[in-house]
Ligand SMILES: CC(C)(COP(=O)(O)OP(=O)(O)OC[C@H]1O[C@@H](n2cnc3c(N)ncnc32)[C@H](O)[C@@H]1OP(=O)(O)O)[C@@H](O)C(=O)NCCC(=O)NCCS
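Let's start with one chain on its own, the form predicted on its own, as structure tokens.
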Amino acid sequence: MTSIALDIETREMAADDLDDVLVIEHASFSIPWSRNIFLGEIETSFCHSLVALVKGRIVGYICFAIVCDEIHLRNIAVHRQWKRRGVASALLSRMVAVSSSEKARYGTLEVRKSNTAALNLYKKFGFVVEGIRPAYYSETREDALIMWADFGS
């Protein structure tokens, strides 16, 4: 099988993107964010919401907040047809670049303990497990791992 490099574009999310974003969100999570939550993210000055596009089609998104010198990754998802093709890495790379331009040195996130693919991806970006939030996910009572990264090192 030949791997073809994708030309992945990232840009700020707009309200007009939400129909496509919500399709990905609902396919990705058992308790998905609502349109209003995404609108709140778009409209909040310290929040950043980005979409990833391939040939003009939205294939993923990321939402993160920057407070002082810290980013908090709040949501990331990729359309299942585009997984394992560099989309999430492109979004995380852009998050790190935005964070750097805004002088945010540290990053944090929570991830399901069982989500090995996400854990491996986050580790590639320098995140390490620093704690556990017991029974964090209400629908399954699964623990969340708390990960931190120092983007300045």
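Predicted model only: the values in this text are computed from it and were never measured. Throughout, we count residues from 1 along the sequence that is shown.
The same protein also has a form predicted together with the ligand, omitted here; what follows describes it.
J.: Report the stretch among 30-38, 97-105, 81-89, 45-53 that approaches the ligand in the predicted complex to within 4.5 Å, counting heavy atoms only.
T.: The contacting stretch here is 81-89.
J.: Each of 10, 17 and 62 near the ligand in the predicted complex, meaning some heavy atom within 4.5 Å?
T.: No, none of the three is in contact.
J.: Would residue 69 show up as a contact with the ligand in the predicted complex if we use heavy atoms at 4.5 Å?
T.: No, residue 69 stays farther than 4.5 Å from the ligand in the predicted complex.
J.: Whether residue 120 contacts the ligand in the predicted complex should be assessed with a 4.5 Å heavy atom distance threshold; does it?
T.: Yes, contact at 4.5 Å.
J.: So in the predicted complex, does any heavy atom of residue 26 sit within 4.5 Å of the ligand?
T.: Residue 26: no, not in contact with the ligand in the predicted complex.
J.: Residue-level question: is residue 124 within 4.5 Å of the ligand in the predicted complex, judged on heavy atoms?
T.: Contact check for residue 124: yes, within 4.5 Å of the ligand in the predicted complex.
J.: Only counting heavy atoms and a 4.5 Å limit, does any residue of 40-67 reach the ligand in the predicted complex, and if so which ones?
T.: Stretch hits: zero.
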